[in-house]
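Next comes just one chain, in structure tokens: the form predicted on its own.
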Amino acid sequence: MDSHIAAVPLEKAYRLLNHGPSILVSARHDGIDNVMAAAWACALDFAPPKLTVVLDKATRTRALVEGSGTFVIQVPTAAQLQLTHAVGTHSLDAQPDKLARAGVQLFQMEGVEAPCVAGCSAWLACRLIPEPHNQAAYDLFIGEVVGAWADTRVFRDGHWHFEEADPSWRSLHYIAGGRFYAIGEALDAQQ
């Protein structure tokens, strides 16, 4: 494991998604790995920590999540713009070498079944909480966060430090049509 990756206490895991980044969803089932980009993910609960993510019926990743019952949510960086766009616009069914073409490098976090994407700034390993109605009607999946990690170059002491990190570590925020924004400067409200 990369020496810059540190565990994040589960009670602080929601902070990894609280700033609304585009995310990568990875899953593995029956020897098949896939990664997709998603824009609709958010923290849902604190104890135990839970999150939601929308996974369209047409995606291969959704079938892998439903088959395995596990997945990982990753926060990609500005340096991963092309990778994020590629895994979000190409299907594994249509392009079996999608991950290699996009330059995705996978690794295993100890105790996590689903693969993790290297180079991201945060990882949240999840156990699927089956909600068949929500999944069928709204493509809405709920995951219980069972492990969380972040790269200490940009997240430490329970907080993001984008303003201190190289701009390549900024999170991506998808708008539409291939347009992303990177998170901007920090602004502090008066206390």
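A quick note: this is a predicted structure, and the numbers were derived from the prediction, not measured. Residue numbers run from 1 along the displayed sequence.
The form predicted in complex with another copy of the chain exists for this protein as well; it is not shown, and the discussion that follows is about that form.
Judged against another copy of the chain in the model of the complex with a 4.5 angstroms heavy atom cut-off, the residues Asn18, Phe46 and Ala182 are in contact without exception. Look at 28-36, 118-126, 59-67, 136-144: in the model of the complex, residues with non-hydrogen atoms within 4.5 angstroms of another copy of the chain sit in 136-144. Proximity of Ala7 to another copy of the chain in the model of the complex: non-hydrogen atoms within 4.5 Å are absent; the residue sits far from the partner. Mapping the unseen interface onto this chain, Leu106 falls outside it, with no heavy atom inside 4.5 Å of another copy of the chain in the model of the complex.
Not displayed here, another copy of the chain is approached by Leu172 to within 4.5 Å at the level of heavy atoms in the model of the complex.
Residue contact check for Ala150: none of its heavy atoms lie within 4.5 Å of another copy of the chain in the model of the complex. Contacts between 153-180 and another copy of the chain, taken as any heavy atom within 4.5 Å in the model of the complex, involve Trp160, His161, Phe162, Glu163, Leu172, His173, Tyr174, Ile175, Ala176, Gly177, Gly178, Arg179, Phe180.
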